[in-house]
Structures are given as C-alpha cells and as structure tokens.
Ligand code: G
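So this first bit is one chain, no partners, the form predicted alone, shown in structure tokens.
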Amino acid sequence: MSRPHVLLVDDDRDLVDVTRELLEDGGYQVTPAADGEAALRELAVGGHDLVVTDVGMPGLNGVDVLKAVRARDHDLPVVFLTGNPSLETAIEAVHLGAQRYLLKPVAANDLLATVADAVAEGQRRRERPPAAMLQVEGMESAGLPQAFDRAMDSLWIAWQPLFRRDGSLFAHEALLRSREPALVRPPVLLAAAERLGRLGDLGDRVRRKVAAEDRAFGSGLVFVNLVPSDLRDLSLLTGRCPLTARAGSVVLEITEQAPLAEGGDVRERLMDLRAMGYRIALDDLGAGHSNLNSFAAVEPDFVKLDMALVRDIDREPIKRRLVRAMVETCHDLGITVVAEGLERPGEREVVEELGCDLLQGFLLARPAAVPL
C-alpha cells in the first residue's frame, strides 16, 4: 500500500526540512514547495492526499494555494500553518473548506495527529457514493432492471464537435444519451449499469452505434468514452468490436474521475490498442483524482481539461495559473490539450492565450443528433 502523499508549502527552508523529516518518519511521502508558485506546479502534477501550507508567503500566499486547490478539487484536505494569525484569513480558510488552522510553532504530536485526521477525512470524502449512485440506489425497489432495459432500447448518440483554434473542425465526441425518463442523465445511466453489472453491455451497445455513423467518421476523428473497466473487455482487442475497422479514426477517451488501476495490465492493454491504430485521451484532467504522474502508464495523445477549471477562467487568476502549468507540462510531453466546457467568449480567449490546442463547448456547438 502506498504512503499518503503530502504537499508541504512554506518559504522557510529550515522549517520545511524539520517538518518533512517529521512527516516522513511518520509514514508519509512529502513533496516540498518553496512558495505558492511552486505549489501550483505541484498541484498541476496532482496525486496528493493532503496540502499543508504556510499562510504568509511572498507572492501567492496560503489562501491563494487553498483557492487553487478548490479550483480543481473540492475534496482534497488543506491544513493551514501560520505564525501571524488574522481573523480575515481564518474566516477565508473556513469559507474555502480548510481542514485546520494551526498556529506556529506546532508541537510534533499535534501536527502528526492533525495530518492523520486530515488524510483520513480526505479518504472518507473520496469514498462517498456519488449523487448518481445514490439516485440509482433509491430506484432499485421501483424496477431498476426494467428501466435499464428500456434505456438500452432507446439509446442514441449525440455528437459534439471539437474545433481547432482557427475554427476548423477537428473531431466529434460521441456522447451517450437515452430517452428513458428514469435514466435520462448519462451519469445516472452509467451508475445503473455499474449497479446491475452491465457496464460491458452498455459500452458494447454504444460502440456499435458509434461505428454505424459514417457521417461522423467522414469529418475527422471520433472520440469515444470508456470507463476504466472497459479496458478489461477483450472484445476491444479483437475483430468482434465494431470499432476495430475504424480504429485509425478513433480516440478512446478514458475518464479520470476515478483513479486508473496501477500496474502493467493497463499499460499492456493500451499498448495493444495503440498497435491496432487507436489513439488515447484522458478526460477530466484537473478533477480530484487526475494525476499527471499516471501519464507514465497511459501516455495519452490527448488530455481534456476538466470543465470546472475552464469555467470562468477569465475571471479567476488562480485557474489561469493552474491551466498554464498543466498546458506547459502536457506540451513538454508532446500531448495535445483540449479545453472543454467553453460557454463564454472570455473563456475561449484565455484558453487560447494559454496554449490549449483544441476547443469544445456550448459556445462553439451544442451536441446534436447529427454530426456536422
């Protein structure tokens, strides 16, 4: 089992050295950041279980770091350390959901106890059932299997374009839709499939419908969503999958809303899929579970920034800093970056300025039953 990962942010080097040693001896993996800007770069990499940050730092302070955390992750716990407490920062810390507000110097036992509690709370938050699953659990006595069968029978694909920055069409994303009223929202339909053990059936039905749409393949690449469990579907690697004949035009888009399985199995499956001609995308980069370190295994051709980061990016400087760090990291790795969820011209202007390669959202085109 891996050790919990703590991002430690403080401009006092001596204090960082002492605190890092204390936490590492306590069983934690620690990444130090010397200031707020360094913390933003580490947050772009992701994979942290806790952030411990000083409040008073030159440039970006601890409150700015907390805002950056909340811009990408509502569940990641944050602990404040300060030698100069103020009512203003304490109120803002509570408003933004800081776990604790500790006064320096902090006794070793108090710090270790606070870190342990914060890490445990973060884990509990991660394990909460999502709203879609709670809705499905409330339906089970009212005929969930029958509703799911009706949803499968009324399944259809909505097509949303992706554009280059010059406005030219680059690809379409195939979006799951159903006319069954009880399961009309895609997250609820997916939760129902998971609950009934029928994710494989749903994925197969979607891929068959996508493969049958000649018009979408005639105008560029097609992005097709996969849940991580789809990578265990051996039909993807055989001629039985209806997308096999079109693999060279397909980008398999894997959601990062849940962590991908570690180990060689995922890497080997993706290598096999690439050998067949598929390209790979990671969705929801910047969401709570996303982690650029997973690129070592996945090596995506594309990443899609989480919509929560893109929303109001022209009005929130912290989001601009985070996205800039993510784009720079992706480009260093040769990865194409997609900004999705664009709704306003100001958002488009900023993501283009930050170097995002492809654009998607209601501002440009809404999903439609017929591809452009």
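Worth saying up front: this structure is predicted, and the values here are computed from it rather than measured. So that there is no doubt, residue numbering starts at 1 and follows the sequence shown.
FYI, the form predicted together with guanosine-5'-monophosphate (G) isn't displayed, but the following is about it.
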item: 4.5 Å heavy atom contact, Asp73 to guanosine-5'-monophosphate (G) in the model of the complex; value: no
item: Gln160, heavy atom within 4.5 angstroms of guanosine-5'-monophosphate (G) in the model of the complex; value: yes
item: 4.5 Å heavy atom contact, Ala211 and guanosine-5'-monophosphate (G) in the model of the complex; value: no
item: Glu328, heavy atom within 4.5 angstroms of guanosine-5'-monophosphate (G) in the model of the complex; value: no
item: Proximity to guanosine-5'-monophosphate (G) in the model of the complex (heavy atom, within 4.5 Å), stretch among 52-60, 334-342, 320-328, 26-34; value: 334-342
item: Listed residue (Lys67, Arg41, Arg311, His48) with a non-hydrogen atom within 4.5 angstroms of guanosine-5'-monophosphate (G) in the model of the complex; value: Arg311
item: Proximity to guanosine-5'-monophosphate (G) in the model of the complex, single hit among Leu175, Ala93, Leu221, Cys241 (heavy atom within 4.5 Å); value: Leu175
item: guanosine-5'-monophosphate (G) in the model of the complex - contacting residues of 349-372, heavy atom within 4.5 Å; value: Gly361, Phe362, Pro367
